[in-house]
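What follows is a single chain, given as C-alpha cells, in the form predicted alone.
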Amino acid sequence: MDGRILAASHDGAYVIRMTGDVRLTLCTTIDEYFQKMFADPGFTSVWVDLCEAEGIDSTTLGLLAKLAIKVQDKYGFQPAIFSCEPGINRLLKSMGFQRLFDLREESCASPENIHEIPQVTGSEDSVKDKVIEAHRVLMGLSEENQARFKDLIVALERG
C-alpha cells in the first residue's frame, strides 16, 4: 500500500499518522507539515503514530529524527512515537531513536478529526536536498549510522 500521511491537531497537540509504505516521495509533504506545525504559536506536543505503517525509508526516519531534535531544542521534551510493528520497532532502535523519542510499543488514541495531508510534490533538487539533510541527521545519531549512510551521501552530493 502506498504511504499516506494523516494528521490532526487540537489546542496545539498534534498527532501525525503514517500509513502504508512511507517513502521519500512524501518527504516534501512531511517536511512542510512539520514547518507548519512549528509555526503554530500554540504548539504543545506531537505524537507520531506508526501503527499502520508497513515500511519507512531512511529519508522519512531522518525527517522524524530532525523533528525530535527540533522539539527537544525548542520545547525541551521528547515527542512520542507509537508503533505496534516489531520490525519497525527494531528499525527505530537500530537508528538510535530511543535517545530522541519516547518510544511506545502500543497503539495511540485515534483523534476524531484526523485527515490525510494533501501530498506536496517537490522539485528534484528540493527532494535531493531533503534526502541529504535527512541522512546527515541520521549520521549524527551514531557511528553505525555514519558508516551506514556515508556512501549514499557521497553519491548524492556528486550527482
Partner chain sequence: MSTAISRKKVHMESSGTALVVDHDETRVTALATLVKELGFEPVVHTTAVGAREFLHQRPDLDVIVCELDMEGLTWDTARRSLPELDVQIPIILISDEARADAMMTALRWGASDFFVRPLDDIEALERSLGRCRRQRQVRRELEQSRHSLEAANTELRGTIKVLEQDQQAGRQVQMRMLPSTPMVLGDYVFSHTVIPSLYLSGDFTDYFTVGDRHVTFFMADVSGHGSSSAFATVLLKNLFARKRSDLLRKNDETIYSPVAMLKRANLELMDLEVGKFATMVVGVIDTEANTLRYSVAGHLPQPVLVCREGARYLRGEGSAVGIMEDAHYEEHLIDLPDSFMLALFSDGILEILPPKNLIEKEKYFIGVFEETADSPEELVTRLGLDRVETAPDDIAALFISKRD
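The model shown is predicted, which means the values in this text are computed figures rather than measured ones. Residue numbers count along the first chain shown, from 1.
Not on display, but discussed next: the form predicted together with its partner chain.
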property: Contact test in the model of the complex: Ser58 vs its partner chain, heavy atoms, 4.5 Å; result: yes
property: Exercise: Glu52 in contact with its partner chain in the model of the complex, heavy atom 4.5 Å; result: no
property: In the model of the complex, Leu103 touching its partner chain (heavy atom, 4.5 Å); result: no
property: Touches its partner chain in the model of the complex: Met37 (any heavy atom, 4.5 Å); result: no
property: Its partner chain in the model of the complex reached by all of Arg23, Ala65 and Ser94, non-hydrogen atom within 4.5 Å; result: yes
property: Stretch 78 to 92 - residues with a heavy atom within 4.5 Å of its partner chain in the model of the complex; result: Glu85, Pro86, Gly87, Arg90, Leu91
